[in-house]
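Heads up, the chain below is alone and in the form predicted alone; it's given as structure tokens.
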């Protein structure tokens, strides 16, 4: 009886604490939105970051942070948070639109060598979908394929419909599974960063004595190829490479 009472009390206390935390998060988020509406963007950013640090990430929070940074004139952090929002909810049209719109304001546009057309084509297919949704679809197709195998070999049903169904299932399984692997590799295994500093020298080596290869700009997205204690070796979208100080970029 005592254990039951203790469990009930503990459950009640936990529910009260959870409710209090949710209420505090909602109030702080609403206050940040109010600062944004009043065009007090630094205060809005401060509160949005407080919500992020205390209560965790969400696509909406990242989107609002991106909007506040963009309005404050900080293009680098705006693109950073739009990118993080886009990774967590790639189907959101507002996130995709704001991300593309903000990148147009970079004072350096990537020109030159074209991206791999195959990778660009595959990216155009998987970009609108969440990784977890694609993974669940892959699992479902695998179960469908296994079901056809059970019907054919376990139950001994021999018919053109079963054979065609198994072939269709395995084809879709390989296609969707391959696209899921591609999205996981490009979105999660590949390290990317955004230039957040107003000035970002890109050098030929990992030291300030190295020659400058080019001048980066806030909002440019780069792929991290390797690193030292103080520098990243990065690959730009036009395939140019160089070394940048870690403090000048933020990893996505």
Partner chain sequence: METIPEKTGSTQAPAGFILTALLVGIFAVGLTVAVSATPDLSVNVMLDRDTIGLDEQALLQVEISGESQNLPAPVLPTLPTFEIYSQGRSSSINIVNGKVTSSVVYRYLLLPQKPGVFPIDQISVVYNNRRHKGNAVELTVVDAGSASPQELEDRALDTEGDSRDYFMEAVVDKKEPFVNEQVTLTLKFYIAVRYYGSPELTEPTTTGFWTEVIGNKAPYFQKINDRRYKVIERKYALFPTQTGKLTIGRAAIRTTVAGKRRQKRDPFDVFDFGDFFGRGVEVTARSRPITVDVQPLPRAERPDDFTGTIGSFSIRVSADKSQVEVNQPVTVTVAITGTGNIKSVAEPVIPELDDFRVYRASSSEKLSASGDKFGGTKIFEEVFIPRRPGTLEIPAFKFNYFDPGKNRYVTGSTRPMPLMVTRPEGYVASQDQPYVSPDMTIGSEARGIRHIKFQLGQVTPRGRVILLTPLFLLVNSLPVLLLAGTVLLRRRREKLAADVGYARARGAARLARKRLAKAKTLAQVQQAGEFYAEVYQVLTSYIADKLNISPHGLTTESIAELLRQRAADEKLVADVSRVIEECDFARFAPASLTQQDIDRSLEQVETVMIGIEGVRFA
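Residue numbers count along the first chain shown, from 1. Because the structure is a prediction, the values reported are computed rather than measured. In this text, the rigid core denotes the largest set of C-alpha atoms whose superposition between the two forms falls within 1.5 Å.
Keep in mind that the form predicted together with the partner chain is missing from the display, and what follows is about it.
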Between 171, 139, 122, 162, only one gets a heavy atom within 4.5 angstroms of the partner chain in the predicted complex; which residue is that?
139
Give me the residue from 196, 61, 221, 224 that has a heavy atom within 4.5 Å of the partner chain in the predicted complex.
61
Test of understanding: in the predicted complex, would residue 240 fall inside 4.5 Å of the partner chain by heavy atoms?
yes
My question is simply whether residue 210 lines the interface with the partner chain in the predicted complex - judged by any non-hydrogen atom within 4.5 Å.
no
Given that the partner is absent here, does residue 127 sit within 4.5 Å of the partner chain in the predicted complex, heavy atoms only?
no
Do residue 85 and the partner chain share at least one heavy atom pair within 4.5 Å in the predicted complex?
no
At a 4.5 angstroms cut-off on non-hydrogen atoms, which residues of 125-144 are near the partner chain in the predicted complex? List them in order.
131, 132, 135, 136, 139, 142, 143
Answer yes if the CA of residue 73 moves 2 Å or more between this form and the one not shown after aligning the rigid core, and no otherwise.
no
Would the C-alpha of residue 151 be classed as shifted by 2 Å or more between this form and the one not shown after rigid-core alignment?
yes
Examine residue 142 after superposing the rigid core and state whether its CA is displaced by 2 Å or more between this form and the one not shown.
yes
